[in-house]
Every structure is written in structure tokens, then in C-alpha cells.
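Consider the single chain below, provided in C-alpha cells and representing the form predicted on its own.
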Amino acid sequence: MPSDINFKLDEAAKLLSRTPSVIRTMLTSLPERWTSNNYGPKTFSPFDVVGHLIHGDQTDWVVRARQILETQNSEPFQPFDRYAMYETSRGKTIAQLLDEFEQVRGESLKNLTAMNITEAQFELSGKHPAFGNVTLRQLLATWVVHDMNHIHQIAKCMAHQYRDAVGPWKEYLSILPK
């Protein structure tokens, strides 16, 4: 089996549609210490991750896909504020963020489907502020991997809460720092 699977929009959409329920299952009804703690300086808590994913859906993935289709590389993407969630999530509960993420992701996927992207359009490019030219295919594949990255980050953050409690097994648990 090849190590890289060719990007397919229908498969990507299925994966993207599952992220809200995966994260909801991981975080619902937990004490706040499980959702608000991070695993070190400059890391996100699970609460932060959900806010970050909401902000990404509202300002990044579909917005940039639409820009690629409409302007075809004539103007650069707006830079993405990776830390905007600190302000936009302030005063909300994790339950509110989970509900909002589910709603926003549904809208994002509806908008993505409505674009009726053709195979040829996947090769159109946009100008990323840091990377230069990127294709629509790369953008959409990155959206999927970005979700998986943050699911992993939530798991890592949660595992970190028991980093000392596991005792010598820490040696075998790659999710924990050695």
C-alpha cells in the first residue's frame, strides 16, 4: 500500500465532518482542569484548540479556497491569526465552543460542497503569505491534516495531566515527554 493516498474531496469532507464529534466525545462533561490546562509554554489547551478550529473555519480554509477559485493567484491570502481564539473564546464554556464548532464546521462543509470543485481546479493556486504558491489541493489536504494535528494535540494535552501518575510506564508512552 502506498504511503501517501491521493487526495479525494469526498473522503476529505467525511474526515472533516467527523472532527467535531470526535472532539466533543473527548471533552464533554469533563472537569475544567482537563479542558483548560495545556502541556507547556506556548501550547494550546483543549479549550484553545476548539476556539482555534472555529476561527480557522470562519476565516481560513473555505475563505482561501474561494479566493483561489475566484482570483487564481492574483492576490495573497490574508495572514491567519493563530491566536485569535484567545479573544473570540473569552467568556465561553467548552460546551458552547463545541456547539459552535459543530455548527461552523457544518456551514464550512456546505460551502465547500457548493463550490462544485472540478479535478482541474485542484491545481489552481493561491499565494500563501509564508509559503508562496500553494494549490487548492494542498490547501484542502492541509485542512484535514490540521484537524488531525489538533486532535493529537488535545490527546497529548490530556495525557500530560497524568504524566507523573503513570510512574515508570512513562518510558513506553510516546505521547509523554521523556
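Residue indices: 1-based, along the sequence shown. Owing to the predicted nature of the structure, the values given are computational and were not obtained by experimental measurement.
Heads up, the form predicted together with another copy of the chain isn't pictured, but that's what we're talking about next.
The closest heavy atom approach of residue 66 to another copy of the chain in the model of the complex falls outside 4.5 Å. In the model of the complex, another copy of the chain lies farther than 4.5 Å from every heavy atom of residue 44. Although the partner is absent here, residue 29 sits close enough that one of its heavy atoms falls within 4.5 Å of another copy of the chain in the model of the complex. Remark: residue 113 does not count among the residues lining another copy of the chain in the model of the complex, judged by a heavy atom distance of 4.5 Å or less. Not one of 83, 90 and 96 places a heavy atom within 4.5 Å of another copy of the chain in the model of the complex. The partner is not shown here, but in the model of the complex the stretch 11-47 reaches within 4.5 angstroms of another copy of the chain through a heavy atom at 11, 12, 14, 15, 18, 21, 22, 25, 26, 27, 28, 29, 30, 31, 33, 34, 37, 38, 39, 40, 41.
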